[in-house]
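Listed next as structure tokens is one chain, alone, in the form predicted alone.
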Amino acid sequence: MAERAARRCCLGWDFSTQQVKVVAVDAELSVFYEDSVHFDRDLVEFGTQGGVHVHKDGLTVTSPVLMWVQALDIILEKMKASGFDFSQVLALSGAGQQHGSVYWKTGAGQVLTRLSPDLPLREQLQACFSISDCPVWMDSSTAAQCRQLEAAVGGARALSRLTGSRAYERFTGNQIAKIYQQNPEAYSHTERISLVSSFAASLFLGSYSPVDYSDGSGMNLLQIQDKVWSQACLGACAPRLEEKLGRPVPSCSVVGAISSYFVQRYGFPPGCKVVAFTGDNPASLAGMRLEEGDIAVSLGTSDTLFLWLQDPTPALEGHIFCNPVDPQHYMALLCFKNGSLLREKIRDESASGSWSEFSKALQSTEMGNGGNLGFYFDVMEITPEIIGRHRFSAENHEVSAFPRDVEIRAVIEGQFMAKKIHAEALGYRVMPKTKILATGGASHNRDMLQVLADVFGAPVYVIDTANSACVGSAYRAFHGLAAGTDVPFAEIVKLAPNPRLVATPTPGASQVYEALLQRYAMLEQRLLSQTRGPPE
């Protein structure tokens, strides 16, 4: 009996681009079960590559909705075969790849409420979707719809202030507008539009789950301050859209109890709660347990910043989302294309391909690099839109080359200064309690993280973020059980493993970088005004 009590748990799901994953987390916040279904490998009949179909135009990218349904069938059967005790599941929540959308056909809601426990979901839901291949975040085919939306609300900056982002081709409002314009019959036969997250939650509920505030703020449709759909944006995208979307809800909401289908087929308890599902990025913020003032830096192929904000200032770059664990606050997302691949190129060119030599260069050069500043964009950057390598002396003269050690420090300092400048443009401020959580491949390089600590003036920690969206979803399920907004998320996750401190700011670093950051921002603006496409 004690063993059963010890394994009472919450499930965290992640419907990501390439697979569906699940983890079970017990009351001590230990992960004791995990499994996955990989689309390309385990569901070859759908013919996906990387979990998607790239169409002939090279811009349209979709995924089969029934593939996601069948993946859930398979993973639940695997859990059942392994002897997983579903009766101990108190609640579940999940994440979905952001910006993907699902189109339920008229009558599908009734099918969801009458599922037979004798049959898998895919057999019963085959005819329930008006669009069989759904647009996902990799799609970039809606440029015309983006311009239409921005024009309808007074421009890109006005749309950003309203919804947290300027119009992006992958954002759901623009995808819906394209479907309405190009396939009006399918749109008219759609009774509900879900995000991937709320679609997955709907399967567990046996009825349509609302969109949560956090994932909903990645649609170019939600007013992030008022947490309601923008009538101007809805009207610019498609008719009768509000009734097809339903009313959005706080991310920590319990949206209902699990469907009787799962109770009868798998043995879930009838009282098992479904907490609103959210996007994969917000779920990762929960998994990394960010708090007010914290920042997460993912140093991968591209570099991504997650910021916890209290008073956001939406801009033409980056994204502001509603915070998934505190409805009064916000999170921001900034993406930089020139990440690890660029660092590896500089390592090969200036450190004989050796990370050890690279680190020695960072150790042997002074903070601030003698006033030398570098901008390194081998591919067109997102934030800011500049391409090329540009080096400046302490007197702000552009120079053609730096000594090798100076070059190495210039690329790392430049990357981290850009991150701080653009984070501050969105309203971020380093606080006395600020922590920086570093993840991704480059987070293993201690000397690089020392530069990060010095530039930001905050301690740097590392954390195991494997399956962070999944684990964050399980944490959010516990949070929903605890009445969500009444109990701080930090209180719910205090038993989780602590991040490990790896770097603290060097004394005097803030004085060194204060002036450099101003120069960097000024030179970036100069380059923006000069750079029009690739340099000769």
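A residue's number is simply how far along the shown sequence it sits, counting from 1. By rigid core we mean the largest C-alpha set that fits within 1.5 Å across both forms. Note that the coordinates shown come from a computational prediction; the quantities given were computed from them, not determined experimentally.
Below, we turn to the form predicted together with a small molecule, even though it does not appear here.
A.B. asks: Heavy atom to heavy atom, is residue 402 within 4.5 Å of the small molecule in the predicted complex?
C.D. replies: Contact with the small molecule, no.
A.B. asks: Although the partner isn't part of this model, could you tell me whether residue 335 comes within 4.5 Å of the small molecule in the predicted complex, counting any heavy atom of the residue?
C.D. replies: Yes.
A.B. asks: Considering only heavy atoms, tell me if residue 300 and the small molecule come within 4.5 Å of each other in the predicted complex.
C.D. replies: Taking the distances in the predicted complex, the answer for residue 300 is yes, it comes within 4.5 Å of the small molecule.
A.B. asks: So, residue 280 and the small molecule: in the predicted complex, are they within 4.5 Å at any heavy atom pair?
C.D. replies: Flag for residue 280 set to yes.
A.B. asks: Considering 98, 174, 202, 415, which brings a non-hydrogen atom within 4.5 Å of the small molecule in the predicted complex?
C.D. replies: Looking at the other structure, the residue within range turns out to be 98.
A.B. asks: Using heavy atoms only and a 4.5 Å cut-off, determine which of 369, 304, 230, 383 is in contact with the small molecule in the predicted complex.
C.D. replies: For this set of options, the contacting one is 304.
A.B. asks: Residues in which of 452 to 460, 220 to 228, 385 to 393, 280 to 288 have heavy atoms within 4.5 Å of the small molecule in the predicted complex?
C.D. replies: Contact-bearing stretch, as computed: 280 to 288.
A.B. asks: State yes or no: after fitting on the rigid core, is the Cα displacement of residue 113 between the shown form and the other one at least 2 Å?
C.D. replies: Shift of 2 Å or more: no.
A.B. asks: Compare the position of the CA of residue 339 between the shown form and the other one after a rigid core fit and state whether the shift reaches 2 Å.
C.D. replies: It does shift by 2 Å or more.
A.B. asks: Could you check, with the core superposed, whether the Cα atom of residue 206 shifts 2 Å or more between the shown form and the other one?
C.D. replies: Stays below the 2 Å threshold, so no.
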